[in-house]
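The form predicted on its own is given below as one chain in C-alpha cells.
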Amino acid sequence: MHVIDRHVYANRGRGVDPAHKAALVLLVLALCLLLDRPMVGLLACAWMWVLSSLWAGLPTGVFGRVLLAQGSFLVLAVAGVALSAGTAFPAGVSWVVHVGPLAVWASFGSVDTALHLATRALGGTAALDFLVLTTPLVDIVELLRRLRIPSVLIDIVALTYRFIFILLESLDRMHNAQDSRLGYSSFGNAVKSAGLLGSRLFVDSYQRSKRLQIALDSRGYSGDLQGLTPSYRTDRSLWWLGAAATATLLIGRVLI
C-alpha cells in the first residue's frame, strides 16, 4: 500500500483526466474477459506494464512487484482448478502422483481451464493495477461523483482507504513497542503478543472511528464529504496507445 501511494502522486499521468484512464482500463478488462485466450491476457499484462513504465514514468520494477504479489495469490487459486485429489482417480488422466493412500491428478482439460482462468484474471488485474498506480484516490472519488454514484458509498470508500494507512501505522508502532520488550523472543511470547496486538488494534480502530464521527458531526456533516474539484488535462497520446493496445489484443485473439 505504501509503495502504491508513494508512486501514484509522482507519475507523469497524475494530471490526466481519470475518465480517460478508466475507459482504457475497462476496455482492456472487457477484452480479456470476452476474447478468452491466454495470449490476450499476457498481451494485456505487457501493454499495461509498458504504459505504466513509459507513458506514466513509473519505475519498471514497481508494476512488476505489485503484479507478482497478486499473481502469487492467483496461482494458489487456480491450482484448485487444475489439480484434483482423492483416494481413487478416474481413467484417462494426464498426470497423477500418489502420496500414500491419496492421489493427486490433473488432466489436459483441467490444466487448459486453469491456464485460461489465470491469464484472463492476470490481464484484468494488470489493467486495474495501471489505474491504481497512476490515479490517486481523490481523482477516483471525483470520477465516481461524475458517474452519480451515491455519496454514502463514495464516503465509505474514502474513509476506508484513509483508515488502512492509519491502522498500518498503529500496527507498526505497536509491533515495535512489543518487539523492543522481547515480545517475540520465543514462540509462546510471539503468540501472546500477536493476540494482544490484534485485540488492541481493534480497540484502537473503534476509538478512532468514534472520534472521527464526533469530529464530522461537530462540523455539520450531512452525509456528503465535500472537496475541491481538481482540474485535469487531456493526453491524446493515451488514446492512440489505447487504440494500439486494443488492436494488439484483437490480433492476438485471431492469430494465436
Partner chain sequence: MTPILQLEEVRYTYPGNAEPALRGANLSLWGGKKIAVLGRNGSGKSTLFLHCNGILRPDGGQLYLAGKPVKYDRGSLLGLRRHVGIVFQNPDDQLFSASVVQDMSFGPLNLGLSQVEASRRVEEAAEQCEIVDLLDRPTHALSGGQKARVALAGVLAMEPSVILVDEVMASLDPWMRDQILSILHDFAARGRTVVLATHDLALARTWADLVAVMEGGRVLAVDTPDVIFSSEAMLAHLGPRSAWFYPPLRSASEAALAPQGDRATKPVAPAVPAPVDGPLCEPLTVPTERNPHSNGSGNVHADLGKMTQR
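Numbering follows the first chain given and starts at 1. Note that the structure is a prediction, hence the values are computed from the model and not measured. Here, rigid core means the biggest group of C-alpha atoms that superpose within 1.5 Å across both forms.
The protein also exists as the form predicted together with the partner chain; that form is not presented, and the subsequent description refers to it.
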- line: Of Thr60, Thr229, Ser205, Asn189, the only residue with a heavy atom within 4.5 Å of the partner chain in the model of the complex is Thr229
message: Taking the partner chain as it sits in the model of the complex, is Leu225 near enough to touch it, meaning that at least one heavy atom pair lies within 4.5 angstroms?
response: yes
query: Would Trp239 count as touching the partner chain in the model of the complex under a 4.5 Å heavy atom rule?
result: no
- prompt: Would Asp36 sit within 4.5 Å of the partner chain in the model of the complex, counting heavy atoms only?
  reply: no
- request: Answer yes if any heavy atom of Arg14 is within 4.5 Å of a heavy atom of the partner chain in the model of the complex; otherwise answer no.
  value: yes
task: Have a look at 67 to 75, 111 to 119, 124 to 132, 158 to 166 and name the one stretch with heavy atoms inside 4.5 Å of the partner chain in the model of the complex.
output: 158 to 166
statement: Checked 193 to 215 against the partner chain in the model of the complex; residues with a heavy atom within 4.5 Å, sequence order, are Arg208, Arg211, Leu212, Ile214, Ala215
Did Leu35 shift 2 Å or more between this form and the one not shown, C-alpha, core superposed: no
- request: Could you tell me whether the Cα atom of Val66 shifts by at least 2 Å between this form and the one not shown after core superposition?
  value: no
Is_shifted Val50 between this form and the one not shown (CA, 2 Å cut-off, rigid core): no
